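Heads up, the chain below is alone and in the form predicted on its own; it's given as structure tokens.
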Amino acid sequence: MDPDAVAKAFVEHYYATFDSNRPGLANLYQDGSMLTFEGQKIQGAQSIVAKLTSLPFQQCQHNITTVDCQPSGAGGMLVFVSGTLQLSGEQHALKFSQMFHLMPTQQGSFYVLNDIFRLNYA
């Protein structure tokens, strides 16, 4: 398993799904998963997807600038992403950073154990 290839494939899938079908992100999280979104902590797949689908915009486009990854214990991976988020109807894109801690499933794929998202204001 090439961690960089797994991280790249995960990032492409995650943001394509976020931009086109946010409820479809539910299968990437489990009950023990945690999201920290702009400082707000949310636990569990249902609560995380409820938060993501309640964001005050319907359409957006993520443009990824960097993806860095490192192996973590127990076969997991840390994935750090930076990029821009273009909201429909907005002239300027927002800069963001997001960190995922991916853990292996018994089926041989990965789920998101931890997810931290922040907009980068400059």
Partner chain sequence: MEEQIDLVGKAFTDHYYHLFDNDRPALSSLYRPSSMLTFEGQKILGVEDITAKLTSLPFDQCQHVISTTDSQPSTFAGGIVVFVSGSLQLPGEEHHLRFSQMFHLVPIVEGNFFVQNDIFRLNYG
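Values in this document were obtained by computation on a predicted structure and should not be read as measured data. Positions refer to the first chain, counted from 1.
What comes next is about the form predicted in complex with the partner chain, which is not displayed.
Output flag, D19, S47 and L87 jointly within 4.5 Å of the partner chain in the predicted complex, heavy atom basis: Answer is no for this spot.
Sort through Q30, Q70, N63, Q59 and report the residue having a heavy atom within 4.5 Å of the partner chain in the predicted complex. Partner contact (heavy atom, 4.5 Å) among the options: Q70.
Report whether the minimum heavy atom distance between L25 and the partner chain in the predicted complex is within 4.5 Å. Taking the distances in the predicted complex, the answer for L25 is no, it never comes within 4.5 Å of the partner chain.
In the predicted complex, is there a heavy atom of the partner chain that lies within 4.5 Å of any heavy atom of I116, even though the partner is absent here? Flag for I116 set to yes.
So in the predicted complex, is the partner chain close enough to L52 to count as touching (4.5 Å, heavy atoms)? Because no heavy atom of L52 falls inside 4.5 Å of the partner chain in the predicted complex, the answer is no.
May I ask you to check whether V11 falls inside a 4.5 Å heavy atom distance of the partner chain in the predicted complex? Contact with the partner chain, no.
Residue by residue through 93-111, tell me which have a non-hydrogen atom within 4.5 angstroms of the partner chain in the predicted complex. Heavy-atom contacts to the partner chain in the predicted complex: K95, S97, Q98, M99, H101.
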